[in-house]
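Taking the form predicted alone, here's one chain by itself in C-alpha cells.
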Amino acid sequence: MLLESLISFLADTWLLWILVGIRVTLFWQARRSQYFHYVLNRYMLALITLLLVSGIVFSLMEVLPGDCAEKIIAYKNTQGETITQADIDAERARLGLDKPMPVRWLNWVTDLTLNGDLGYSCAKRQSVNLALGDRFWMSFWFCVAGLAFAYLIAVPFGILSAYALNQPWKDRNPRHSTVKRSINSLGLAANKLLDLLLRMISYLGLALPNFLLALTIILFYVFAGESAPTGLFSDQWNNEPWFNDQGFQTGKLVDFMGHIWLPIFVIGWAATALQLQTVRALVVDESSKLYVEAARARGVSGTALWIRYPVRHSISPLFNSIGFDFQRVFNDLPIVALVIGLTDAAALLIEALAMTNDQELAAGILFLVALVVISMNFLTDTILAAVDPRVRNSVLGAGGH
C-alpha cells in the first residue's frame, strides 16, 4: 500500500522531479566544471524568468472582465435553469475564485510545477491540457517550419548579398584577358542585380503584413478558378483516415502537402525578410574588421576568406536569436491562422481573448509560448558557450573548461 501511494505521488508530481533531477545533475557537474556552473546559473535564471512570466500572465488575465464562475452560470442560464447570486457565489467557492489573487496564482503555479496542469477552461468546460490537445504542437511545428524556411533562404542569400556589395560592377583587372574580363563582368553584374533584387524582396517582406500576403495568395487562387489551399486538408480528405484497408493513403499526404506550404510560407515571409537584412548587415560588418584584412594580407582570398572569417563569425549572433525569432513568428500566427482557416493554438488564443474571454486558456497558451522562447534561449546560450571560443571565454573567463 505504501509503495502504491509512493508511485502515485511520483506520477502526480512528475514534472517537479524532472526539474529537480536536472538541477541536481547540473549542480553535481558544476562542482568540477566551470562550464556546467555557467549552465546551472542559466538554468536557474530560466526557471526564475518563467516564474515571473507566470505571474505577469496570470495578472494580465485577471484584468479581463468576468470570471469562470459567471461563464459557467451563464451557460446554465441558457439551458433554462434559474440562477441566483447564491449560485454564483457557490460556484466561485467551488472553483476557488473567492480566494485572493496571489493565493490563486500560487495554486496555479503549484499545479503547473507539480504535474504540468495548466488549469481549467471555462469556455470548453474541460482542462486546458485537453482543450489544447495537439493544437499547441501544431502551432509549434508551424513556427519551426517557418523559421527553417526563413533561415534556409536568408542565410545563403544574405551572405551572397553581402559578398556582392563589396564587388565592383566590372572586372578592370589589367592582368586578365579581354574575354576573361567580359565573362567576369557578366558574373559581377549578375551578382549586383541579384543583390538589388534581394534587397527589394526583403523591403517588401518587411512592409507587407503576413495576413495581407495570405489574402493575396488566396485571391489569386479564386481569380484562377481554383480551390484555395486553406486549412490543412481539402473537403475530400478532411475526414479520411491516414490508413485504410489498402494501407497508407498517399492521396491524403499529397493533399496535406498542397495545403501546408501556405501557412509555412506566409509566417516565414516576414522572418525571411528580416533575417536576410540581419545576415547581410552582420557579414558586411565582420568583413570590414582588421582580422579579415590581416587574413587577406596573408594571401587568403575568395570564398575561403569569406567562409573562414566574416561568415563564420556572423553565425553566432544569428543562432542566439532563434528564441526571439520564434516569438516573433508566433505573434504573426494568430491572424494568419484565422485568414487561412487553421485550428491550431494561435487560432484558439484569438478565440479565448476576443470571443469567449477564457482567461485560463489564454494564460496557458501564452505561458507555453514563453516556455518555448525561454527554453530555446537557454539551449542556444549553452550550446554557443560550448562550441564558440569567443562566447566561452567571455562567460567562463580565460581559464574556463
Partner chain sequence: MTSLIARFRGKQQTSQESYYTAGQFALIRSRFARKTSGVIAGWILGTLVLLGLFAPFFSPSDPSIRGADTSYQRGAPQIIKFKDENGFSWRPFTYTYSKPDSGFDLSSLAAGGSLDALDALTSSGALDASEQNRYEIDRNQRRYIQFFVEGWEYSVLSIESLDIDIRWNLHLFGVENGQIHLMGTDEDGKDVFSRTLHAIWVTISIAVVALIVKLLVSLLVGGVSGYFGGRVDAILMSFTEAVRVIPSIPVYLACAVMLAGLELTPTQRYFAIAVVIGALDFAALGRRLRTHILTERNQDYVLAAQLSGASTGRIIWRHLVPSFSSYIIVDTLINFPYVILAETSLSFLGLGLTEPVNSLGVLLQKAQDPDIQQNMVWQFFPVVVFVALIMAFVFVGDALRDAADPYSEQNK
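Numbering follows the first chain given and starts at 1. This is a predicted model, so every value here is computed, not measured.
Omitted from view is the form predicted in complex with the partner chain, to which the following refers.
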Exercise. Looking at the partner chain in the predicted bound form, is some heavy atom of each of Val63, Phe330 and Leu366 within 4.5 Å of it?
Worked result: yes
For this session: Sort through 282-290, 98-106, 129-137, 152-160 and report the only stretch with a non-hydrogen atom within 4.5 Å of the partner chain in the predicted bound form.
Result: 282-290
Problem set entry | Single option in Val339, Met376, Ala30, Leu47 placed near the partner chain in the predicted bound form, where near means a heavy atom within 4.5 Å | Val339
Exercise. So which of Ala148, Leu206, Ala294, Ala304 gets a non-hydrogen atom within 4.5 Å of the partner chain in the predicted bound form?
Worked result: Leu206
Exercise. Is Leu253 a contact residue for the partner chain in the predicted bound form, using a 4.5 Å heavy atom cut-off?
Worked result: no
Problem set entry | 4.5 Å heavy atom contact, His313 to the partner chain in the predicted bound form | no
Exercise. Contact between Asn357 and the partner chain in the predicted bound form at 4.5 Å, heavy atoms?
Worked result: yes
Exercise. Is Phe265 a contact residue for the partner chain in the predicted bound form, using a 4.5 Å heavy atom cut-off?
Worked result: no
For this session: Enumerate the residues of 47-63 that have a non-hydrogen atom within 4.5 Å of the partner chain in the predicted bound form, in sequence order, or give none.
Result: Thr49, Leu52, Val53, Ile56, Val57, Leu60, Val63
